[in-house]
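Here's a solo chain for you in structure tokens, the form predicted on its own.
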């Protein structure tokens, strides 16, 4: 098992006529998906493509066929947003130097004037050269890149996280074993393909022969309709960002929808407030709930916690333990392992750790380093930049970003702790806390449809956090701004600190 394309080959051999992926406009079987991938791989090889393939397509069966087509050609794929700004695509292409950009005819005009050339997906799908594909895939080893996913860089230049085949192969095994996936699994995908959470959906269902439902993106704008969709499609598993789950809970959308087929509810990408999680658990007590954690640099998920009890709104939800073939360590600055209840940086080692950042050796050297606990081995680890601790219960707890730890009037403060407390305020659905350095105060952005004053908010917050952590300013919005990945857009909120803040 040297390349992830073997997962598709095995599924196609075992379930050739079973639906692999379904979207609004149609579906495709495992057998047909493999044939499309082999045809696209043949087309790429015929054009002499050897470098990574940018897939500039909407989330669709076509995009998946292009991903697997690149793998059939023995190279990596690079998923990008179909609505990506051309300046950003240009920076990615400059860093990547791709073999080609696979796209649709209706997206070609976007590339005009950029100096980039698109290759039509339809032009790649001719006759299959099985021998050429076999030679290309036989030359791949499990430490070669399967995909390169670009994330935001602090300098404004996107960073290309390069994941090896072994990371995905081990991850797919872990997903299936941990959540009991099999050929009856129906996964309702939420994450965009350029967001690493999508690998759980794609490769988890591929590994077990399940069905991947590409849930219409517009549906997530109407939380009341989501349970109806899950019910109508007999969905058994979901892996959504907490914001989507919060919207469903806050809208009361689960009422009257017992969803008997739904078995697994997993979430990742940001902190899941217990307040909304408890709404889900009360409405759907038969489901298994899991809090997953992991940055893009470690093949999506490296830690998990299966929720096994009720948590009060102000309690911290653990991120649990490391996944199989992964190690999670809380390290202090001097390289020693943190004691129980001691805060340090969460560092990850194991098969899921990325190869590094594409064509960025200095960035790679800073983030991917020798494991200090195993100095005489070749063990590399990724420094996440996240703060964590091991609790008295032996479980890991996420404490926020290292850069979200602030010092105000001599006090060290975790902004994430304020956000956790803020959702305990009646009427507040979501929250973001930031430091306004110019004003020397903490600003709390609260998502609420009700009128709320700073005095009212702090009266509640005093029950959960000390006085020195109380915000000095409150901004109430009907909806907090979100990124394309449905995470709170902290960059936009931080920029608003120097501007007149308007409700979103």
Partner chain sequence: MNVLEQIEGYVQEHFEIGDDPDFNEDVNLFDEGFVDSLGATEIVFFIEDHFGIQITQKDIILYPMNTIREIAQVVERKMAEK
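Positions refer to the first chain, counted from 1. Since the model is a prediction, treat every value here as computed from it, not as a measurement. We call the rigid core whatever largest set of C-alpha positions still superposes within 1.5 Å between the two forms.
As for the form predicted together with the partner chain, it is not shown, yet the points below apply to it.
- In the predicted complex, every residue of the candidate spot (224, 250 and 462) has a heavy atom lying within 4.5 Å of the partner chain.
- Of the residues given (234, 228, 324, 313), 228 alone sits with a heavy atom within 4.5 Å of the partner chain in the predicted complex.
- This chain appears without its partner; in the predicted complex, the one residue of 427, 123, 180, 216 with a heavy atom within 4.5 Å of the partner chain is 216.
- Proximity of residue 455 to the partner chain in the predicted complex: non-hydrogen atoms within 4.5 Å are present.
- Partner contacts here mean any heavy atom within 4.5 Å of the partner chain in the predicted complex, and among 114 to 122, 293 to 301, 430 to 438, 250 to 258 they occur only in 250 to 258.
- In this stretch, 21 to 52, the one residue having a heavy atom within 4.5 Å of the partner chain in the predicted complex is 24; the partner itself is omitted from this view.
- Relative to the superposed core, residue 61 shifts its CA atom by less than 2 Å between the shown form and the other one.
- Core-superposed comparison between the shown form and the other one: the C-alpha position of residue 70 differs by less than 2 Å.
- In the predicted complex, the CA atoms of residue 457 and residue 267 move farther apart by at least 3 angstroms compared with the shown structure.
- Relative to the displayed conformation, the Cα-Cα distance from residue 467 to residue 275 grows by 3 Å or more in the predicted complex.
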